[in-house]
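One chain is shown next in structure tokens, namely the form predicted on its own.
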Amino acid sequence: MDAALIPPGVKRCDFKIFLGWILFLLAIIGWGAYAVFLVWYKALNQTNMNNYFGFGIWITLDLSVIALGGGAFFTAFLRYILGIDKLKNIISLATIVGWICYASALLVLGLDVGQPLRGWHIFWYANVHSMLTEVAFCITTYFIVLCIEVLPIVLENVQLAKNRFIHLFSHNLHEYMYVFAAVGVFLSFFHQGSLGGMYGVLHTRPFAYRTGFFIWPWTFFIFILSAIASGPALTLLVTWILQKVTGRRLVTKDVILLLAKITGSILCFYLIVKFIDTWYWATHILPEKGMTLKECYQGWFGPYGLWLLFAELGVFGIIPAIILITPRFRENEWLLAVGCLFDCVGIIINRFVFTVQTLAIPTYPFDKWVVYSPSWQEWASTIMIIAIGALVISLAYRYLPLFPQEPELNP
């Protein structure tokens, strides 16, 4: 029965090995599900969030996966709007990864609000003066778009495609996918930007506050750039992991190098903008707010030390940019994997400092530094979400034709 579901022309590992891997992931998911039950049953007192930290690891994860999920809308933009035909060989994986990221973001929000049964309030009682309202509408709508984009990939399963109606429906969806790609790009630009803009308008939080262009703080545009610069890197990293784990070539090297070159170019542009923003923030905005750069960091090596700034922009910023933009470096598959991994880590650090460090910095003379450490329930539910992502990718790789080039690359 399992063999009948596998795409034709490809080989997959023995079902017993695959089942063992799935059971391992389900065990992790079960542990996380227990933590989720405790949070929903006993409320947010199961977390280490408090009056200082209304945001914690969940919102860091939420903003991170939304940024890393940007590979879906940007790759779709390159493939369907700009017409870069080569990317058709990796677009399916980018869409699946994006779907996982946005589904994870919605699940995280269901945890963080504490009362998910009231989640509909944000739509019915919308606060039209809040950027988070626009974010909620755009993320939800874009997730629906992603579901539509994923649907024809699922319907291409060898057994489902035998049904004539399903086959024709899937084919017609593919024909009009450029429409959904355009809608997805529009929605993604706005909610990626508004997530950054939300922090940029926090006048009483000098660490996050920025000036801007008309009504948009610079963080609006920087968050969009960072998502475009990191999302495709996650797609490339997942491709590399799949190829190493399975021992099979899934995409030709020219496709990988093309997407890596585009990602590296945008990452370089993002870093230039980010360095200018950081310099202006440190030399103009902070003094105007009566603070110094030193006051925004807990020494050099503390939990919120200056090492975070050097890690984000240096180790996990400049290094991956050099790897991805330099032809002889990105042609080395191990260096390329390191560059993509570092790119993703740099964006995660960026989202961490905006969500957590912003709240940790004392903003009054009588205030003090407070350190946030997630509870085991927060860690378990976070790891559960990562395991769910691995589960979906595993099932999609085994049973769906994600990589059109795989049969010819592995005769």
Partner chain sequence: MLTRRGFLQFIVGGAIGTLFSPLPWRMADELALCTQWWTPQGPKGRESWDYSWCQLGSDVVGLKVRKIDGRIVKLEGSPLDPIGRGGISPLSASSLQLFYGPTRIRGAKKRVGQKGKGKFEDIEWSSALKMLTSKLKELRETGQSHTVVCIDGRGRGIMSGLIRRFCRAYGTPNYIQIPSDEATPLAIRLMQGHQGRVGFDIERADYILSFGSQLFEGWGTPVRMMAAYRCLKEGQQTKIVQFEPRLSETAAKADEWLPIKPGTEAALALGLAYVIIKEGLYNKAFIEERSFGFDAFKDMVLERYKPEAVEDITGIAKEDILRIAHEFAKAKRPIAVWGRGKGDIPSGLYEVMAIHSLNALMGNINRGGGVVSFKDISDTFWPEVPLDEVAKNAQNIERIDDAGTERYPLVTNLAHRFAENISSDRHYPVNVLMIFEANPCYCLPHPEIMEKALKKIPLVVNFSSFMDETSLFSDLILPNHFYLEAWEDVTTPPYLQYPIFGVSRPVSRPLYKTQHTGDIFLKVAQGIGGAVASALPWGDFKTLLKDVAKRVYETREGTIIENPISRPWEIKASPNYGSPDEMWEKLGKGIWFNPNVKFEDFKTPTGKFEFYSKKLEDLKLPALPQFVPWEEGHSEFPLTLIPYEKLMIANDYIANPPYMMKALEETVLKHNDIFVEIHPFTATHLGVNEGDLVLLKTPFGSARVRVHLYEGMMPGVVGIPLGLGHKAYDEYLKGKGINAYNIVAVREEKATGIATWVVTPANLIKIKRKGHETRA
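Positions refer to the first chain, counted from 1. All values reported here derive from a predicted model rather than from experimental measurement.
The same protein also exists as the form predicted together with its partner chain; that form is not shown, yet it is the one meant from here on.
Within 4.5 Å of any heavy atom of its partner chain in the model of the complex lies no heavy atom of His284. For the chain shown alone, Lys253 is not a contact residue for its partner chain in the model of the complex, no non-hydrogen atom being within 4.5 angstroms. Its partner chain in the model of the complex comes within 4.5 Å of no heavy atom belonging to Asn172. Contact check for Leu117: a non-hydrogen atom falls within 4.5 Å of its partner chain in the model of the complex.
The contact with its partner chain in the model of the complex, taken as any heavy atom within 4.5 Å, belongs to His121 out of His167, Lys244, Lys86, His121. Considering its partner chain in the model of the complex, the lone stretch of 26-34, 341-349, 42-50, 379-387 in range is 42-50 [heavy atom distance within 4.5 Å].
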